[in-house]
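The chain below stands alone and is given in structure tokens; this is the form predicted on its own.
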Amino acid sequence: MKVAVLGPGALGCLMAALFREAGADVSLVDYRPERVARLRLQGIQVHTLEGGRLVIKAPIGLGPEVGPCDLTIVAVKAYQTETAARTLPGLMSQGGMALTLQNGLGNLESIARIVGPERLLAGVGLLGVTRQDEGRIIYAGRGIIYIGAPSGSRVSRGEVAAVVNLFRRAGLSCQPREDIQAVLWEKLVINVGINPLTALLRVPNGVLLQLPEAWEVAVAAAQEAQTVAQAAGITLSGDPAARLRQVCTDTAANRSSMLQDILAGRPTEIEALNAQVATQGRALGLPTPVNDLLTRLLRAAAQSAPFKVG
């Protein structure tokens, strides 16, 4: 199986490096020629779970240099999805699949508008990985990846199993899920509580448990998201507050992806997270005041960068 990983961020570099180490035919895809040249020269540098450092020379190129592929993994930030999706027709072989491993909701729909829904897969990754610099990442937490065919996809169970096995051969814990839409929402429920609060307060995940006022807001955001999901016909299991507490405990030292973006001066994925809850809540006639406020605050945080003091 020939594989392309679209996006040289933290997750994209990790996927390309692990697949390459496992002997897969994989290429990392970027859109910036100067970065392609740098990464070809320096390779992907991975600080491993064991505390060591690997330098892996995975092939990297622009889209037209890489395709067509049997599987293209979309690993860009949610706000880059529409632009990245335009490269998919040249990357996907006849009958090839595209798998999104992105945060939030709306990514599948953006991709489907370009290539249709028939050959799409959705994935949820619960990994700890941090981008230090271009091509330099820290693999901080081994988690599970769920992969499944969303509504409208005609990817067979056998094809899903082949993709799952590809991830397993790369040393990743991976499972197929028939209810992948519910899994996407379950991760969203956690993200809308943790990500914006840690980004606004600039604290690691575990600190939220030590800040009662912040914790109440995080739980309220998660509960709103679960209510919206259930109203949309998505069955989610368990108490969102308990799941949120467990994740904050398990990832206490981690910096959320949104906090990493804020600290690096990059756009955040708020539009794919809390804004999605607020938008879908309005469509269903459900109030989502906490998610709406957090969306506005993160938008304001991004807009305020030119006015910061000190």
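The shown structure was predicted, so the numbers you read here are calculated from the model rather than taken from an experiment. Numbers for residues come from their place in the sequence shown, where the first is 1.
Note that the form predicted together with a small molecule isn't included here; everything after this is about it.
**Q** Does the small molecule, in the predicted complex, lie within 4.5 angstroms of each residue among Leu127, Asn191 and Asn205, using heavy atoms as the measure?
**A** Judged in the predicted complex, Leu127, Asn191 and Asn205 all sit within 4.5 Å of the small molecule.
**Q** Just to confirm the contact call: exactly one of 158-166, 192-200, 112-120, 144-152 touches the small molecule in the predicted complex at a 4.5 Å heavy atom cutoff, so which is it?
**A** Contact-bearing stretch, as computed: 192-200.
**Q** Of the options Thr87, Asn103, Gln80, Gln181, which one has a non-hydrogen atom that comes within 4.5 Å of the small molecule in the predicted complex?
**A** The option sitting close enough to the partner is Asn103.
**Q** Could you tell me which one of Thr268, Gln276, Ser27, Asn254 places a heavy atom within 4.5 Å of the small molecule in the predicted complex?
**A** Exactly one listed residue reaches within 4.5 Å, namely Asn254.
**Q** Find out whether any non-hydrogen atom of Lys187 is located within 4.5 angstroms of the small molecule in the predicted complex, and reply yes or no.
**A** Within the cut-off, so yes.
**Q** I'd like to know if Ile262 sits close to the small molecule in the predicted complex, meaning any non-hydrogen atom pair within 4.5 angstroms.
**A** No, Ile262 stays farther than 4.5 Å from the small molecule in the predicted complex.
**Q** Just checking whether Ala272 would be counted as a contact of the small molecule in the predicted complex - the rule being heavy atoms within 4.5 angstroms.
**A** Taking the distances in the predicted complex, the answer for Ala272 is no, it never comes within 4.5 Å of the small molecule.
**Q** Applying a 4.5 Å heavy atom distance criterion, does Val247 contact the small molecule in the predicted complex?
**A** Contact check for Val247: yes, within 4.5 Å of the small molecule in the predicted complex.
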